[in-house]
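Take a look at this one chain, the form predicted alone, written out in structure tokens.
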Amino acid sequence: MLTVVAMDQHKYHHPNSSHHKKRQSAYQREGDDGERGHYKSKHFKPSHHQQYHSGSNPVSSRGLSTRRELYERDFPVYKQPVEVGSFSLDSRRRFFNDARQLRYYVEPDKEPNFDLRDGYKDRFIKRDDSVKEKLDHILRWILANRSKLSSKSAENKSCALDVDFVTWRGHLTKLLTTPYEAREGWLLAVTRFRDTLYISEVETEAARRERENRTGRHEEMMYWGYKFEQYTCADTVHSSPDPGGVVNTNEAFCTVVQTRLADHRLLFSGEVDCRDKDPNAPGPPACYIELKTSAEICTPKQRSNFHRFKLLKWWAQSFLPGVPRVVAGFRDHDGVVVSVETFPISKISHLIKNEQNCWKPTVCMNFCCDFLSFVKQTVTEDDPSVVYLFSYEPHRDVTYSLHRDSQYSFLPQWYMEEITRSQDSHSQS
């Protein structure tokens, strides 16, 4: 039997170390030029009156191309993500503007023998995933932390927040992986309100059918990932994991980060599994750790598939918020974790470079960047009752449709009223 992909166990590096500086350069590849916020693309120059032509240009009158070769250019400027806050969701999915749900990573033994099936039948409270929360939790965080986001620009009074886009990290992850996504489509609703663009996912019909028709085995395997977290996370720095407790998937700790991709200022939130408990670890998000489970790798074909599909999603999900490492539990067919490996995000691109026709980080980031430019240019009406629905089906262009006063509207009244009230009072003072 072949062993699992060999990786050196990643010890954490101090922010001033050479490793940290190399990792930082992956985010801000173009140095001081990037600070000016100008992104020159040979394929797409945003303009409200641009004429589109098909061919080498990703954008046409039909939509945005997803052909990979159009995005094989220099890696775009991506500023080091900065955590501007965090929030917690409790066992009843209630929002708290604090870090009460943050957990601490406890490194397991080399041969852990974790039974991921344990507790599935009797110690599992599953979140109702038919309830669509949209952006509501992020919006609650924004209202509680307005002072961190108010527009500093005197001339930009129309912009309530000092960002171009507000969304979930998971929505951006889908964009990064789109040029390589051959099975699942997506729908992203976008609305412009007070000069900020809000992006919220809409469940596709195919995804709804899949959710409503999952097999018992599929449901149990979804639990396994949460159970692995329970084996490796403690509630406090000095406590130990409690695998005998209840797994409640309503609970979550989320980071909120600000960054910039080319000239797109982003504010997004994503769930964080745990943090390094070492008191000398760097500050967030560099102290955070993503936990994953995967089937153990026994053949060269399985290793190739792991590199081409799993590592793409793991890289995209963690690179976006600046989470530096993924800890993976490799399990057998019966759901028993037999080994644990650490994957530094900065080394994943080296790990895949010998794979034929494999994914490229630069294609992922350039597609995301061009999509955001496409959205900026398309979503012109500043009206939350107007929603532009962007649609992707595998091997097709990204297209969009416009909807007024429809079921796709997603910004809640309580959020719009508070933003309007506070911005109006601010402009009068």
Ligand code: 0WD
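Note that the structure is a prediction, hence the values are computed from the model and not measured. Residue positions are given as counts along the sequence shown, with the first one as 1.
Form predicted together with the ligand: not shown, discussed below.
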> So which stretch, 116-124, 87-95, 239-247, 328-336, is the one near the ligand in the predicted complex (non-hydrogen atoms, 4.5 Å)?
Replying inline: 87-95
> Among Arg169, Tyr226 and Glu271, does every residue place a heavy atom within 4.5 Å of the ligand in the predicted complex?
Replying inline: yes
> With the partner left out of view, is Lys132 within 4.5 angstroms of the ligand in the predicted complex by any non-hydrogen atom?
Replying inline: yes
> Any of the heavy atoms of Glu341 lying within 4.5 Å of the ligand in the predicted complex?
Replying inline: no
>> in the predicted complex, is there a heavy atom of the ligand that lies within 4.5 Å of any heavy atom of Gln317, even though the partner is absent here?
In response: yes
> Given that the partner is absent here, does Glu290 sit within 4.5 Å of the ligand in the predicted complex, heavy atoms only?
Replying inline: yes
> Ok, Leu143, Ala99, Leu187, Ala252: which has a heavy atom sitting within 4.5 Å of the ligand in the predicted complex?
Replying inline: Ala252
